[in-house]
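Next comes just one chain, in structure tokens: the form predicted alone.
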């Protein structure tokens, strides 16, 4: 199927189904129920799932295949966002040219940074990428916000104003990012019994792009180029002794990874036409590292799972406050209710990082291969049970014949 083996084709179909049916899958609880707090099927969060999924897929091409750990990928995310907003300001609100420019400029920027950084390896490479990212953040936050050539608008962030040129923006087009006239914020709500489901144009545009990005990642992983990247990770020294220069392959992976990050940045600006320097901070680079490791570095679907896991905690658990906890435990006696709420509250709300950190520690200790390894263990467990019951049935049937 489309140049993929059966295993990859099955995985690709699973990703397509889960992505397209996300409005149903992420809304398991009735809208008015107490458990509706854990529903994640609203447009803003679903968009974050797929956008950061793209970001993590691209980072995994570099880190998962070559072993080069970059702490500066947020710089390309920011470049993509700024590029898209400038298209909105100068030319049109159509997201296609904005996303295209975001990918191209992020790729060129990655080529520049990668050419310098890949002269070193290991921790020195990581520190170099971190330094470049922090310099990019400083440029966006202060230097490039100079009133004479204001490219980033500093801490306020770059946004579209009514007096911007927008040379190709017609009167019949929406004053928001759109796809050939179809607003990215257009939303259709469907009610089925006690459930409400949202179908958002912005989400499905991002979802289709993520599916295409995932397909491209599969082809890269299974291609001869992908095998060369694995050789770089496995034994770079031996590869050099055979007469092969590993640096062009690593640089190509770095540029491709940067273009994925720029694509994610362009999509972020497309669903919310604003670009700020905070997207280029080192914390954003650290976040994509966590996503990839948590999901399973070097696996195909792992980065998507890791991105969804972290963004779910960030958006769902951070909204649980004391009043929500009191409503959950209101059936308990007053004194016991207060004690339970006092014990649980440090792990939710503003303390969601604590819960995420504990889960991350557990995954790293017990599941070094990330969430993907956990899923594989569960499948093997059920497979053993099934094969064990089949063997038992076979032995009982053969006994009379013997």
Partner chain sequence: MSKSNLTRRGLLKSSAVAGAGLALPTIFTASSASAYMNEPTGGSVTLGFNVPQTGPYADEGADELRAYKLAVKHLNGEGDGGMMTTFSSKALQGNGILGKKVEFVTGDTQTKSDAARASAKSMIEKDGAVMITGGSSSGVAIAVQGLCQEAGIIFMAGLTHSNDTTGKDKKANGFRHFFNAYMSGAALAPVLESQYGADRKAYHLTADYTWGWTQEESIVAATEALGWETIETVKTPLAATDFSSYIAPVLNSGADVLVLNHYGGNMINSINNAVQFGLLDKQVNGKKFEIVVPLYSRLMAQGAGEAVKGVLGSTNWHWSLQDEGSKAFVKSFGTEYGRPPSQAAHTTYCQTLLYADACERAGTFNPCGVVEALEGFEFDGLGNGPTLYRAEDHQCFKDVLVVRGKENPESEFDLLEVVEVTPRAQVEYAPDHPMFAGGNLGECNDGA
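Note that this is a predicted model, so its numbers are computed, not measured. Residue numbers count along the first chain shown, from 1.
Although it is not shown, the form predicted in complex with its partner chain is what the next lines describe.
- Residue contact with its partner chain in the predicted complex: residue 164 places no heavy atom within 4.5 Å of it.
- At a distance threshold of 4.5 angstroms between non-hydrogen atoms, residue 151 is out of contact with its partner chain in the predicted complex.
- Taking non-hydrogen atoms only, residue 377 never approaches its partner chain to within 4.5 angstroms in the predicted complex.
- In the predicted complex, none of the heavy atoms of residue 247 sits within 4.5 Å of a heavy atom of its partner chain.
- Note on the partner interface in the predicted complex: the residue among 330, 240, 234, 321 having a heavy atom within 4.5 angstroms of its partner chain is 321.
- When you look in the predicted complex, the only residue of 176, 118, 213, 135 with a non-hydrogen atom within 4.5 Å of its partner chain is 176.
- Segments offered: 294-302, 251-259, 313-321, 101-109. Contacting its partner chain in the predicted complex at heavy atom distances within 4.5 Å is 313-321.
- Of the residues in 130-151, those that come within 4.5 Å of its partner chain in the predicted complex through at least one heavy atom are, in sequence order, 141, 142, 145, 146, 147.
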